[in-house]
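Just the one chain here, the form predicted on its own, laid out as structure tokens.
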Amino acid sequence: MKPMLYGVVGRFETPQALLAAIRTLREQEPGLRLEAYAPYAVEGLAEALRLPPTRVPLITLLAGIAGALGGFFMQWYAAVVSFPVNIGGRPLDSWPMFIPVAFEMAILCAALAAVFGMLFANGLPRLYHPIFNAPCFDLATRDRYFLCVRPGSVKGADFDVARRLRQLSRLGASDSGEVWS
């Protein structure tokens, strides 16, 4: 299989330098496809990258509601339709006794949806990613910050690798290079 250019990556020493580089690139070319890698969450990075809002909270809410309704329905069906037992003269569909299980089902379904939604949104699990071929990328888990400029970002524009490498160096990247898949 012929290797394809994944992008051009630059290594930055501080999160402030990374954020400044992203903001400068966004001002110069708003349509660039940028990816940033940091050892920890950097405040303002998502806004600088202009990442779209995530759908994980909505998925979590919907799963919680579905879990609560499912738990409630399961108990109601068992108590009223499937196996009705009159205990102490109480009505069969006495809803207050269904609340604890419905609440627990809501929490369980919401938590599972949040975990799996996050994994799906992040594209995980992924055993291989081309960015791992970047020079010194193992420092991304310790104390360095990486910015990758992906090709195909601007319609009709060619991806000039040499120009992007110079651009990253001018923005303060201590090391930069091509990443091939």
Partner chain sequence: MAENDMDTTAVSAGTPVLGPGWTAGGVTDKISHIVLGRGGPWTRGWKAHWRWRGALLISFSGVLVLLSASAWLFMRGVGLFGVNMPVAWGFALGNFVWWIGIGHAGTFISAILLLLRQRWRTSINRYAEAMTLFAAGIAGLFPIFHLGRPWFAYWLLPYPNRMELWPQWRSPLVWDIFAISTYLLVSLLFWYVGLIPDLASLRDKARSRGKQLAYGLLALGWRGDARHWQRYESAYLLLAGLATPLVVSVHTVVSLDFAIGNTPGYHSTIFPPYFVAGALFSGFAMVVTLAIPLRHYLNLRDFITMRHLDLAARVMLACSLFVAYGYASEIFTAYYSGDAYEIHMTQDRFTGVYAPVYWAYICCNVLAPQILWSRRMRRNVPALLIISLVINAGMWMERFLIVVQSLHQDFLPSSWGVFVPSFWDWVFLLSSIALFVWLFLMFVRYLPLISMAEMRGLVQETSGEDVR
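Residue numbers count along the first chain shown, from 1. Since the model is a prediction, treat every value here as computed from it, not as a measurement.
Below, we refer to the form predicted in complex with its partner chain, which is not included among the displayed structures.
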ask   = Going by a heavy atom distance of 4.5 Å, is residue 119 a contact of its partner chain in the model of the complex?
value = yes
message = How about residue 29 - does it come within 4.5 Å of its partner chain in the model of the complex, if we only consider non-hydrogen atoms?
response = no
query = Using 4.5 Å between non-hydrogen atoms, is residue 53 touching its partner chain in the model of the complex?
reply = yes
request  = Find out whether any non-hydrogen atom of residue 152 is located within 4.5 angstroms of its partner chain in the model of the complex, and reply yes or no.
outcome  = no
ask   = Which residues, if any, of 23-40 lie within 4.5 Å of its partner chain in the model of the complex when only heavy atoms count?
value = 34, 35, 36, 37, 38, 39, 40
